[in-house]
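Just the one chain here, the form predicted alone, laid out as structure tokens.
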């Protein structure tokens, strides 16, 4: 596609084929900044590319910002959790705004993030940092003491989360001393927080000039397993309160442009509690699900919302109307083997024959022994569904948890 030299020149940080394809078919110039294993593919497919090792922090770290500035790049867009700080550092140079690095650090450290939210008057649960297992035991006891639990009563759970990992990675639910003992040393320091009884959901919000331009509510059917968009009418009725909360978040975190992916809880008495916020695309292919129901490319929306040269007219013309313009519902289920030993992939007939079933990206098992799922673990692949009824899709996604995909 012809690139418009009057529009912004963007750098995509991290490797995502869907993001690259979206950029290639969009009207902005782009360059992919990815580890050197992507080089051969980029050369073969004429993809503009700059190699960079995001895991190495050293005295050359400033070099990537200078390289991109010399190329004339306007803004860097993080595609993964691990590139958020890099984007903040690079953009503080490209956009001559040192605060952007501090903002990125807030988005990466779950403890700092919670404190900033609290300072902005956003409701959060009780939280503390843990440096070792003793800290976790103390917090578990103190939370349950506060809840007036008696000896012998089952503990109310607490949540244990790695400071800087994405989504469900490093997220554990702790109820007993045995759960505490099972935490490996390398997961410290971490954030601990009280359990919130409520309906957990996520939001995807594109921000331009400090204003929300499109806000999607993603409904979790089972955290770590399944999600669908847009949310069911039961959750969508909270949209005014949710929008108000996200506007407060944008103001508190001083977000002028880009994209945020916060998670919230709504309690039975309709109170909203902040979980966390990420400054990068969500997992579970939610961008792809959004395209299935709304028709717009969410990665191109990402480029628009980051580009300082995007006009108001472009924004207005690009985004559809939330919920009203959605064609049905799209969801996906993350498959994790339920057996300890597997030898083949076998899609259940009832899944494949369901009218809402669309496709899957599962592959044959690479090993026979299934490693024990620690915390929420990582799924082996996704199964996609789409249909007209939210309740039918929700029940279908929940039912997948009872089926074996690997035999």
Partner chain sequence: MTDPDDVAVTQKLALRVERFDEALAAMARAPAFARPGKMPPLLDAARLVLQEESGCAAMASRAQAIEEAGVFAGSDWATPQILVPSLSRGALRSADAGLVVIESLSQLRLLAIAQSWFLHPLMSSEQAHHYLTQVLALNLELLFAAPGEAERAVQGRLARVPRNLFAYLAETIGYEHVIDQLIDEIWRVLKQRPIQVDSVKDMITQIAVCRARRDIHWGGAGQGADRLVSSLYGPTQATREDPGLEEYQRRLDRMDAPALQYEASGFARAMHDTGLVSPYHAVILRHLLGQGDHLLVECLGLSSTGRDCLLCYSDLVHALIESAVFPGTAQAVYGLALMLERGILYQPPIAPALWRQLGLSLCVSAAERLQHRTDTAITPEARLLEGVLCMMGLPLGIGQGNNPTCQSARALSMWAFNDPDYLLQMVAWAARDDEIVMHFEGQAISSRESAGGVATEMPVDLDPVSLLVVPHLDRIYAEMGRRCVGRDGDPHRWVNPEFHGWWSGRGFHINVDVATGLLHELEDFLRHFYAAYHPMYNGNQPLIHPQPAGIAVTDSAARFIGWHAITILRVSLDPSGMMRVYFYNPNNDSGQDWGDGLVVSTSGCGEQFGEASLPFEQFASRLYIFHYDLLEYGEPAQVSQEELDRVMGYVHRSWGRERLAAGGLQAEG
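The structure presented is a predicted model; accordingly, all values stated were derived computationally and were not measured. Residue numbers count along the first chain shown, from 1.
Below, we turn to the form predicted together with the partner chain, even though it does not appear here.
*Is residue 358 close enough to touch the partner chain in the model of the complex, meaning at least one heavy atom pair within 4.5 Å?*
Contact with the partner chain, yes.
*Mark residue 292 yes when one of its heavy atoms lies within 4.5 Å of a heavy atom of the partner chain in the model of the complex, and no otherwise.*
Residue-level check for residue 292: yes, a contact with the partner chain.
_Given that the partner chain is not shown alongside this chain, does residue 24 nevertheless sit within 4.5 Å of it in the model of the complex, heavy atom to heavy atom?_
Taking the distances in the model of the complex, the answer for residue 24 is yes, it comes within 4.5 Å of the partner chain.
*residue 386: heavy atom within 4.5 Å of the partner chain in the model of the complex?*
Close contact exists here: in the model of the complex, residue 386 approaches the partner chain to within 4.5 Å, heavy atoms only.
*Counting non-hydrogen atoms within 4.5 angstroms of the partner chain in the model of the complex, say which of 59, 40, 352, 55 makes the cut.*
Checking each option against the partner chain in the model of the complex, the one that comes within 4.5 Å is 352.
_Just to be sure I understand the contacts: of 13, 20, 10, 393, which is the one whose heavy atoms reach within 4.5 angstroms of the partner chain in the model of the complex?_
For this set of options, the contacting one is 20.
*Since the partner is left out here, which residues of 320 to 351 would have a heavy atom within 4.5 Å of the partner chain in the model of the complex?*
Residues within 4.5 Å: 346, 347, 348, 349.
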